[in-house]
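Quick heads-up: it's one chain on its own, the form predicted alone, in structure tokens.
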């Protein structure tokens, strides 16, 4: 479309003149400021009934958000995880997932819709022209900004004077919505309680060879050898085998009693046989490398090295503390047995964070 096809009344200089422009565009000044059109008041600005109606709509949306959040929490508590329902056109889906998604979506949408409706119908919509100014504001400008902010608070009705219904429902919605996230934390898993502090080892529990599934005698362990053991009653086909072996895995090394430097280690051993947790105290890798001459064991993941002749203390690598030792002895039939559980939790960095 060419300029000849445009009505004279729609040309820029005609529009600017009609609206009380600050300048008129011509060939010498083609970019003159055309100014602003006359301000048109919204119906809420001139009709108190319309203003109250908008206020009720905003309050209703915030109230809907609160109800949806309560519904989210109720669904999380009441609906079983394995319940499947048919919903057209989605088909067969998890009732819990559908309920959580719908209620949380409604809660967030209602807050957003309420805020938008509040801003569009009740907050001040007067256009304000501001000239460009240096980045550093003068005292007069700063005072003007604070003044405008106070005026905006007054106009929006957030203060304690007008529109308490909207303010209260907004605060209620914003207070309840975060509870959805707090409730979801419960889904991270059951509370551990004391489970991490105890293993299957207990007084009288036999030490069973991992490879042969047979109980061990002292004669089965030669000097300088490394043997892996697990508690009696634990089998690979058990549904909780991996969970239990991750805490109870044991390694046995037979040393010459004169080579054991740590007094407690010697007291908790049997004929030079020492039993230590196989779980590295760095990130929980299984320790499997043994150096016979130095009595050192090495974790293959990050090379943490422990001295089994000196309380399994850390002599190299990122591990934070020594390996826990299991006190052992023999029963009346001559089999190696545990004389209790580990005295400290096994695994990585647990006791720096846990409470006793």
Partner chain sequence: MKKLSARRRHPLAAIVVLILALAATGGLYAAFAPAGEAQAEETAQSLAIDEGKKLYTVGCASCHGTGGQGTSDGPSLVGVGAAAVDFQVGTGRMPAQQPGAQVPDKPALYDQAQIDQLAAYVASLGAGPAVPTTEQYDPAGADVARGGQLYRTNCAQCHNFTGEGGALTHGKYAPDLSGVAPKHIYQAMLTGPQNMPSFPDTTMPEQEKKDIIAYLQAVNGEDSVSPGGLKIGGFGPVAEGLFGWVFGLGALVAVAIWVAARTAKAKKS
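Here the structure is a predicted model, which means the values were calculated and not measured. Residue numbers count along the first chain shown, from 1. In this text, rigid core is short for the largest set of C-alphas that superpose within 1.5 Å between two forms.
The next section is about a form of this same protein that is not shown, the form predicted together with its partner chain.
Its partner chain is not shown here, but in the predicted bound form it comes within 4.5 Å of a heavy atom of residue 42. With a 4.5 Å cutoff on heavy atoms, residue 176 does not count as touching its partner chain in the predicted bound form; it lies far away. Within this chain, residue 236 lines the site of its partner chain in the predicted bound form, having a heavy atom no more than 4.5 Å away.
Mapping the unseen interface onto this chain, residue 225 counts among the residues with a heavy atom inside 4.5 Å of its partner chain in the predicted bound form. A heavy atom within 4.5 Å of its partner chain in the predicted bound form is found for exactly one of 121, 180, 269, 169: 121.
Of the candidates 63, 51, 325, 305, 305 is the one whose heavy atoms come within 4.5 Å of its partner chain in the predicted bound form; the others do not.
Stretch 216-224 is the contacting one of 216-224, 269-277, 256-264, 138-146, since its residues have non-hydrogen atoms within 4.5 Å of its partner chain in the predicted bound form. Counting a residue when any of its non-hydrogen atoms is within 4.5 Å of its partner chain in the predicted bound form, the hits in 63-97 run 84, 89, 90, 92, 93, 94, 97. After superposition on the rigid core, the Cα atom of residue 270 is displaced by less than 2 Å between the shown form and the other one.
Taking 2 Å as the criterion, residue 285 does not count as shifted between the shown form and the other one: its C-alpha moves by less than this amount when the rigid core is aligned. With the core held fixed, residue 82 shows a CA shift of 2 Å or greater between the shown form and the other one.
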